[in-house]
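Here's a solo chain for you in structure tokens, the form predicted alone.
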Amino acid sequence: MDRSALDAAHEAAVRFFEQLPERKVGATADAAAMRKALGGPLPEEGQSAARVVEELARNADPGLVATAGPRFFGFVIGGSLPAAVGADWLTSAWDQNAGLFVLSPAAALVEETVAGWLKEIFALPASTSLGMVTGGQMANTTCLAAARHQVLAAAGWDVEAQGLAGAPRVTVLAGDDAHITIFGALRLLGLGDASVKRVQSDGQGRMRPDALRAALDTVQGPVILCAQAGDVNTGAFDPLEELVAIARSRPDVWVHVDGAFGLWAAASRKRRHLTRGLAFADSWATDAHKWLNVPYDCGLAFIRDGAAHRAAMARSAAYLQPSATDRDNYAFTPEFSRRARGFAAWAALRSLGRSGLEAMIDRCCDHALLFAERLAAAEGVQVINEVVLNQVLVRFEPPGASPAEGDRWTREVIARVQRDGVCWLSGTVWRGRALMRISVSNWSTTSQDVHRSADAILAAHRSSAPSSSGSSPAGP
């Protein structure tokens, strides 16, 4: 075998990792430059594999964002642990179709092992089944497909055989601050936005138990309750124990928990109290490519009732040769053929161990608190949320400034930080106000990275201050 392409890829990857700590975090090229570098007509003649890889690494580099680096705090994106990267390289080399046991016993059994480890970490019931999917969107979709199956079956309707036409109406109860992927899942499942009845949240985005009780009193027929472990803006957790207790007052309610990143708080003895009541739900969605720090993509769909899970997902055909005794991964996901995601997750968990995972979660949360402390101490800066996990919401607004002026100033600070490149973070709108959103999810972030990033943010804040005349902030 000609190893030149693999050698070229290895050299480029190692060079990228070595540059990460000091690399400008944002991309250094715009769309026009990247289109010129990577586009153009398809050549008539091919090139050697090594040359193609070298050209791709060179031409793509200016358009890469250092999301894997220690000072990327945008959205909720983790880095990739070294063991997980190594395992992911092997996954590509092995090129296993992870759908059927017969195609890859290793891929099937590694997912079985990962499922066991994660159920222990999250303290989920032993009966819980796992599907490894692309991300939080498909994890929520898979869980809600099982929920749809179960609540309609309890009402005497076989949705897999009969579809939704003529089915009993399913009501979905979701908080005011439910994540957009819940609604994406409902659209894919044919339930749609109109199936959702909103339940009022408090000032931090936590669903109010009294509001849930009142909402349940107005609903008849099958119900799916979508609770949240870790609000995407504030990091706040719904009071799961109270919500589940209210839901269990009726036999026809399925409780789903969207815990895309917040579910990982269960791995920390310091933060585990936030997930109290978690184990009493019926399904749970989270991402390994967020806080387990494995390469994209790896979503996790957990469902208490494995029979409901399989009923919603499993299909059969004579040619498939399903296993009579062992795990066929396709029976737990919307996909048939797919990447063997379990290898990277297995490697990440094996390299960390239980104590290492806990330390990583706690370290990120402590860094978030340090961010909040540094920024809140500055004049004209407010930390808006209760920093209970890894999310920090920041407002830049001097005393006496109008809300509109505060919005402009905050957005300008964010833009300046992104252009500066010391760190990268994103913006959001929360309760009608423009805010900076800091998410700390990377295994390699240090307190020095936080201090360096806070310095850059505060420098952007000082240089973006609006004039006394109330005009818009100065340009760059």
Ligand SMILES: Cc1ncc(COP(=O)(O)O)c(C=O)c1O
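Quick caveat: nothing in here was measured; it's all calculated off a predicted structure. Note that residue numbering follows the sequence shown and begins at 1.
Only in words, not in the display: the form predicted together with the named molecule, which the text now covers.
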property: Of 375, 76, 368, 278, the one that lies within 4.5 Å of the named molecule in the predicted bound form (heavy atoms); result: 76
property: Contact residue in the predicted bound form, from 179, 363, 339, 208 (heavy atom within 4.5 Å of the named molecule); result: 179
property: Contact stretch among 257-265, 381-389, 109-117, 400-408 - heavy atom within 4.5 Å of the named molecule in the predicted bound form; result: 257-265
property: 135, 228 and 289 each touching the named molecule in the predicted bound form (heavy atom, 4.5 Å); result: yes
property: Residue 393 within 4.5 Å of the named molecule in the predicted bound form, heavy atoms; result: no
property: Exercise: residue 232 in contact with the named molecule in the predicted bound form, heavy atom 4.5 Å; result: yes
